[in-house]
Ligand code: S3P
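Below, in structure tokens: the form predicted alone, a single chain.
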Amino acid sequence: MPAVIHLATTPPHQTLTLHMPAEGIALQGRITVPGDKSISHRSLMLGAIATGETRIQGLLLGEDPRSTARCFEAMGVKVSDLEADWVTVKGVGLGNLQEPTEVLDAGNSGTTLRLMLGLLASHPDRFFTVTGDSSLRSRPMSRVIKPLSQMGATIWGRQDNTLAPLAVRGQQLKPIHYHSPIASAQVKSCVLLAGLLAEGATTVTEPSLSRDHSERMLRAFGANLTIDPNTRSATVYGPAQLTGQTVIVPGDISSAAFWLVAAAITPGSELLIENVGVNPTRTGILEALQAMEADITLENERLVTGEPVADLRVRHSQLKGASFGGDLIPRMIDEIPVLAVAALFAQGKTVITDAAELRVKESDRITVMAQQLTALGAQASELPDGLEIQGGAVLTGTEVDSYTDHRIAMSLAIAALQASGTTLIHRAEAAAVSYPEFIHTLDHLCQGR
């Protein structure tokens, strides 16, 4: 019997059905993945506040970047058709975002909301109201509101100014040196963006190094920004002057991670994933899988508009359990759900710690992954800050739920490739947040096309 991959709509949600043949399926071929979500957001935002035109190729067409585009359009920025090969953004110049007549809706995107707050708070005498979907309205905003308040921002919100919807009265902010208690690119980026209009040096110091796309792109757009790797600090000097640029967005390693794991755990598989960003602040998933003895090689390594890019070749191999924590976690925080899937098929036990940040993502990814993998027959238990997974799982198809979390939906689909019988993934439409073509690519590979 051939593989069955079917997406059915039962309003308001969709259910993905996967039924794999008893003999299994070898995944073969060359694929590409959508543009990097982090870089897509930042290219739209910096293009919006720069002087002149920014041209973007490879922009992710997921729901999150669309939310970013809509928010900035509501503040007077002209953004061309996102479906075009080249997307153009006509910037209004730093400090010139218009006061919107409507509530800015970030949808499901924490990146949109948190980074945008840094810009809104720094526009004096303008008033903004921002919100998001039910998931985003439950996610903590105090992590960015605290440093913005230290800079002089005025922000109101639910639960003692910690949850959206949020109201922002723009102010002339002052520069600060913020010692972030967590390694978070969203916190760091928010503060640096707020510092673009502050007089002087705004510095963020982190306990561990988080992804550095904002620093790279701010420099490319003309900001005076320095990095101190010894103290894990980034400093921007304001007021800045930004000029529109040409940005080529590489493939998202977070999206590539699903296929890296799928091929690594599926006998007879070999995939070449082309044009993937391999920024060293994002390659924790490669290091983790290689520590588990995955057969992954980087080919055709190159630089594309300041970002390292490579083609990733992955072949099936017998994985070994391992322990992960410390500074590696911030560099693969979004990939931990699918790393947990890889751990199911490794020899021995895998332990993931120092990942409490997963509890405040689109879902509590620690609890949800432990529950859903257990439902499939895995031995997976949650730790306060991570997961413990016993390898050698024999999975049986059942009904599972994404909890409207895109990375959960896709991770469960990869696990279902190795489950006997039929697996139903409810609320599977969540995958479109970051990977609109995920189900199509999955079907393409399973049918050998």
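The first residue of the shown sequence is 1; numbering continues from there. Quick caveat: nothing in here was measured; it's all calculated off a predicted structure.
Quick note: we don't show the form predicted together with the ligand, though the next part is all about it.
J.: Using a 4.5 Å heavy atom cut-off, which stretch among 87-95, 328-336, 346-354, 259-267 contacts the ligand in the predicted bound form?
T.: One stretch meets the cut-off, namely 328-336.
J.: With the partner left out of view, is residue 184 within 4.5 angstroms of the ligand in the predicted bound form by any non-hydrogen atom?
T.: Looking in the predicted bound form, residue contacts with the ligand include residue 184, since a heavy atom lies within 4.5 Å.
J.: Wondering, does residue 232 line up within 4.5 Å of the ligand in the predicted bound form on heavy atoms?
T.: Residue 232: no, not in contact with the ligand in the predicted bound form.
J.: Classify residue 111 as contacting or not contacting the ligand in the predicted bound form by the rule of any non-hydrogen atom within 4.5 angstroms, answering yes or no.
T.: Residue 111: yes, in contact with the ligand in the predicted bound form.
J.: With a cut-off of 4.5 Å between heavy atoms, is residue 143 one of the residues that contacts the ligand in the predicted bound form?
T.: Flag for residue 143 set to yes.
J.: In the predicted bound form, which residues of 32-46 put a heavy atom within 4.5 Å of the ligand?
T.: In sequence order, 37, 38, 42 come within 4.5 Å of the partner.
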